[in-house]
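Next up: just one chain, as structure tokens, the form predicted on its own.
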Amino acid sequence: MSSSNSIHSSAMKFAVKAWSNGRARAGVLHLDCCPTPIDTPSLLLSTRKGLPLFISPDLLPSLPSPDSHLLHVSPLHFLEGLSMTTISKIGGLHQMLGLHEYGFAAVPRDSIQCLPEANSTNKVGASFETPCGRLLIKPAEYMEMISSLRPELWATLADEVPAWVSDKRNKTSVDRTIKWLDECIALSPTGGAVFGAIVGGSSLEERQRCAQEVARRNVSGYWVGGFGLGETMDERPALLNAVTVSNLTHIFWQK
């Protein structure tokens, strides 16, 4: 990925509006489904099966617009209920939920119910603790979910590990994440902007290595993962700096 100040994909356009004296930037995100551009940095509203947790759908338009038009969704929430085939036939998230003017950003994990389980993850796929029990998600299965849900933005599958794992396990997580990145890109559907997952635990070197590898792929942006898994607040700035110094253009991260 080059360090250009604009990104174009079939689902989104992003351009930088202003720079700070450091590495922070203000930008604007255009999504085909949203009537007005979204200024960044922007907050992703948490959802359960695509619907915000704290407000009913009929009151969602009362929130500030367009700041509330970008929703985070975990594809794992849909492992119970309607099948992916049925959701695909309906037309994806927008048709199923009736939220036609909202953008969806899909990331496998959330911060409450679907959490990565590093001890059960293996070379085949990533393991998660979910309301359906502990599940192993393979790249092909994950891409079937993405194809059915049709989000505007989606992050590739990652092997996220807690801060206290060994150096060997941490390195393995980066290797697996890069391998799954290539598999997800190969299986990616037409439409939707691909965000490459960046991991590396509490290791500055592994995060830099992962960021550099992801930047070599054909992605529209970057998802910085592996936070909220045991690192301290004091460690986070250095870990984020280790990634952004690699000239990544468009980033979102989750803690």
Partner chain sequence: MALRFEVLGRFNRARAAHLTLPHFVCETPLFMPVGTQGTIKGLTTNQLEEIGCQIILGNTYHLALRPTSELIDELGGLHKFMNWPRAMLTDSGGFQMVSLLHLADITEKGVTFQSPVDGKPMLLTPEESIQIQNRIGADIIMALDDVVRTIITGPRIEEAMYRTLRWIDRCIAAHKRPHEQNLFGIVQGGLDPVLRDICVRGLVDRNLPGYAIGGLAGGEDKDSFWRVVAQCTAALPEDKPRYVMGVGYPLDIVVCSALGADMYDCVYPTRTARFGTALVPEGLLKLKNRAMSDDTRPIDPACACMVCKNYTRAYIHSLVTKDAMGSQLLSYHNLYYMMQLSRNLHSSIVQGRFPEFVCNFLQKMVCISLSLSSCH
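Numbering follows the first chain given and starts at 1. Small disclaimer: the values here were computed from a predicted structure and weren't measured.
There is also a form predicted together with the partner chain; it is not shown, and the following applies to it.
Though the partner is left out of this view, R217 does not reach within 4.5 Å of the partner chain in the predicted bound form, counting heavy atoms only. With a 4.5 Å cutoff on heavy atoms, L51 counts as touching the partner chain in the predicted bound form. In the predicted bound form, I185 stays away from the partner chain, with no heavy atom inside 4.5 Å. Interface residue remark: Q95 is counted as part of the site for the partner chain in the predicted bound form, having a heavy atom within 4.5 Å. Only one of the listed residues (P189, P37, P57, G230) places a non-hydrogen atom within 4.5 angstroms of the partner chain in the predicted bound form, and that residue is P57. Note on the partner interface in the predicted bound form: the residue among L115, A140, V124, L82 having a heavy atom within 4.5 angstroms of the partner chain is L82. Stretch-level contact check against the partner chain in the predicted bound form with heavy atoms at 4.5 Å: of 86 to 94, 160 to 168, 104 to 112, 177 to 185, the positive one is 86 to 94.
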